[in-house]
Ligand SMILES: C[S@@+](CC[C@H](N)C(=O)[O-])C[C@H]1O[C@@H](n2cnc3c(N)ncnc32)[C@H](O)[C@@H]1O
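Next comes just one chain, in structure tokens: the form predicted alone.
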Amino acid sequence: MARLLTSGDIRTLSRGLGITPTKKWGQNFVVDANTVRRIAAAAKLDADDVVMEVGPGLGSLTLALIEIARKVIAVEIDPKLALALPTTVAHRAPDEHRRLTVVETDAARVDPAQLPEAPTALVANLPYNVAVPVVLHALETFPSLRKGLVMVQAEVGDRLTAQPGSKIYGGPSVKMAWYAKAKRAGSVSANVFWPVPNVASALVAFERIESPDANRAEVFAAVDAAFGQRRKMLRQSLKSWAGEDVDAVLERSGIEPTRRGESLDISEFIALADAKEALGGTSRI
């Protein structure tokens, strides 16, 4: 069994490395071992999973994940933390440390060539300002990802899991629905972090679904247009995307032009993209 990091361990490691959590990279380290165990359990990992952990920091969650998964690929942007993590894991999980690979890079730009193996699960404590792009990039870039559990700002969690018609339903909600079924999987107290953030945190779990048979780029462009002017009716908000064909696109898709973006589900955005493709001959990618 790995020896998980305590609050005292984390502060000692930070002092030794000369590290102070920075706002630049949204660093808030989890300092409660019970919370770490809960997150690892909620991820529902199998013994053959290859986990991509984004932002491992000092290794709090890494140590819990490496007990369960066949391999943990830790993607860390901070060079000091990336260099120190293998030593920490080797010291505190001597029987499992060979399961760890650290990749020093930006998780919002990581590509398959940088990883030693295709990941099957994403588990991460994500910086609040980059959570949505990191999750969507991972799902798009790594088709091997079957599931995931991410800790994000509670508001971000609500947006990722929102349903059509709610005030918080928006672009992230629709784009997440393209790739996966997502749900809230719990809350996390601010008191388990160092430094303590001034926002609430939530866990979001997801399971990948089969990708729709549609032009993803065109669907996402329609989503961006609809929510770029979310207070306007579709006949107005979609003009930036469909141009002079907007009325024809709406008619062909069977969607009322007086509706607004927050009332459409993923299938209706796909219908819009298909209608535009049929009328204008946009290419599928």
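Note that residue numbering follows the sequence shown and begins at 1. Everything numeric in this text was worked out from a predicted model, so none of it was measured.
The protein also exists as the form predicted in complex with the ligand; that form is not presented, and the subsequent description refers to it.
- Under a 4.5 angstroms non-hydrogen atom cutoff, the ligand in the predicted bound form lacks T141 among its neighbouring residues.
- A residue is said to contact a partner when one of its heavy atoms sits within 4.5 Å of a partner heavy atom; S173 fails this definition for the ligand in the predicted bound form, lying far away.
- At a distance threshold of 4.5 angstroms between non-hydrogen atoms, T161 is out of contact with the ligand in the predicted bound form.
- When contacts are judged by a 4.5 Å heavy atom cut-off, A222 does not count as touching the ligand in the predicted bound form.
- Of the residues V204, V156, L100, L81, just one reaches the ligand in the predicted bound form with a heavy atom at 4.5 Å or closer; this is L81.
- Contact with the ligand, judged by heavy atoms within 4.5 Å in the predicted bound form, is confined among 90-98, 205-213, 105-113, 183-191 to 105-113.
- Interface residues of 113-150, taken as those with a heavy atom within 4.5 Å of the ligand in the predicted bound form (partner not displayed): N125, P127, V130, in sequence order.
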